[in-house]
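The chain below stands alone, shown as C-alpha cells; this is the form predicted alone.
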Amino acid sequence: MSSITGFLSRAWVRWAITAVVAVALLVVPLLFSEYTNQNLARIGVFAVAVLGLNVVMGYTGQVSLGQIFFVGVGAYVTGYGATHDWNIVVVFLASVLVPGVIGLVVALAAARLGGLAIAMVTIALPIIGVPLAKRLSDFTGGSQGLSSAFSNAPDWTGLYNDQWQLYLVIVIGGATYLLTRNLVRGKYGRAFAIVKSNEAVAASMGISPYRYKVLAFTVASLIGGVSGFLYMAVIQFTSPETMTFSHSITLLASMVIGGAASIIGSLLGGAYYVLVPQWSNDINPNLTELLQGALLLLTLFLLPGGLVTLPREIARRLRRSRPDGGPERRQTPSAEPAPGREAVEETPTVGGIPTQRPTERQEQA
C-alpha cells in the first residue's frame, strides 16, 4: 500500500490522472443515451447540493436540516430570471447570491446557538419555504410551479439538449467542486476542523467559532444556490414540492451514505439521491421508504464513514487475512543464551535476601 501511495503522490501521475478524467468528462456526454445523460446530470445537481451540506455538517460539524431550502430558492430565482429574459450570467449570479444572502442572515442568528437549537432553526427553513412559495404566486407560480427551458442547446453547438445540459453540470459543478476542495484543504478548512473538534480549543487558539460557523453556513447556502441553478437547467421545472422537509432528510441521508467531510463522498451521495429511489421503485413502489431506510442502517453499521471508506475497509480486511499481515507473535525466550553473551547466573538468596557469591580468588584460598 505504501508503494502505491508513493506512486500516486508523484506530480506527473497526478497530472496524468487529471488529464484522463478531463478527457473522460468531455467524451461521456457524447457516448451515452439521453436517459443516461439525464441521470448523470441529475446526479451532478444533487452532488453539488450534498457538497454544500458537507461544508457545514461534515467539515464544520454544525447541524443543518435546511439545505434543500437554498436549492429551492436558487431554482426559483433561476426560473424567474429566465422567464423574464434576464441575461444568463445575471441569472446565475442572482441564483447564487440570493440564497447566499439569506443564508448569511440566518447564520448570523443561528451560529450563536448550538446543538438542537441550530437544528430547530434550520428545520424551520423548508417548513416555512413551502407555504411561502405557494403564497408568492407572482414570483413562484404558486402551487402550479414554475417552468423554464432556458438551457436548450444552442444551434451552433450541434449538440442535443441532454448533452448540452450535462456539459453545463460538468463545467459549473466541477468548478464548484474545485473551489470547495481548495477551501476545505486550506487554512479555512483547518479552522473548520478545529471548530468541529472543540470550540473551546478553537477559541483559545484565536479562532472564532462564531465567525467560522457563519462562514460555513454562508458557503453552504451559496453552493445550494449553484445546485438550484443547475436543477432548473436540467429539470426545467420547480414547485413548492422541491423544498419539502422529506427532501431535506433525503439529502442528509445522502451525505451520510456517501461520506461526511469528503469531496468524493458528496458525489456518491448525489448518486444515492438519484439512483436509489429509482431502484427501490423498480423493486416495489410500496416499499420504497423501507428499502431506503434499510440501506441507510446497513451502511451505518458496516461503513460508519460512508461509501467513500469502502476501498480503505477492503484493504484493511485484506491485510488482516494475509498470513504475515496479522500482529507479530511473541517468541518464547530460548533457554540457551544468545550468541556472544554469557548466561546470567541467578544470585542465591537466603530468606529472600540476596547473598554474595564467593569470587574465584576466595574459592582458591
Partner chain sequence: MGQFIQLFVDGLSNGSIYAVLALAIVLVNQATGMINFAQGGMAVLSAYATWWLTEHGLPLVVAILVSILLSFVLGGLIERFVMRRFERGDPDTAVVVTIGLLTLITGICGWLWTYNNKQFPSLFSLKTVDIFGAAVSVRSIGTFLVIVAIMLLLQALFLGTKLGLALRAVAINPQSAAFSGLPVGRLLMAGWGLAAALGAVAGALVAPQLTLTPGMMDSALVYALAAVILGGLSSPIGVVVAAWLIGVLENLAAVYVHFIGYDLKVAVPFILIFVVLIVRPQGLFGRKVVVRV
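Numbering follows the first chain given and starts at 1. Keep in mind the model is a prediction, meaning the values are calculated, not measured. For clarity, a rigid core is taken as the largest C-alpha set superposing within 1.5 Å between two forms.
The same protein also has a form predicted together with the partner chain, omitted here; what follows describes it.
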Pro29, Gly258 and Ala315 all contacting the partner chain in the predicted bound form, non-hydrogen atom within 4.5 Å: no
Non-hydrogen atom contact Arg181 with the partner chain in the predicted bound form at 4.5 angstroms: no
Partner proximity in the predicted bound form: Ala109 to the partner chain, non-hydrogen atom cutoff 4.5 Å: yes
Interface membership of Leu296, the partner chain in the predicted bound form, 4.5 Å heavy atom rule: yes
Met205 within 4.5 Å of the partner chain in the predicted bound form, heavy atoms: no
One stretch from 224 to 232, 166 to 174, 250 to 258, 80 to 88 that, in the predicted bound form, holds residues within 4.5 Å of the partner chain by heavy atom: 250 to 258
Among the candidates Val101, Ala193, Ala153, Leu290, the residue which, in the predicted bound form, approaches the partner chain to within 4.5 Å (heavy atoms): Leu290
Members of 119 to 143 lying within 4.5 angstroms of the partner chain, judged by heavy atom, in the predicted bound form: Ala119, Met120, Val121, Ile123, Ala124, Ile127, Ile128, Pro131, Leu132, Arg135
Did Pro131 shift 2 Å or more between the shown form and the other one, C-alpha, core superposed: no
Core-aligned CA displacement of Pro285 at least 2 Å between the shown form and the other one: yes
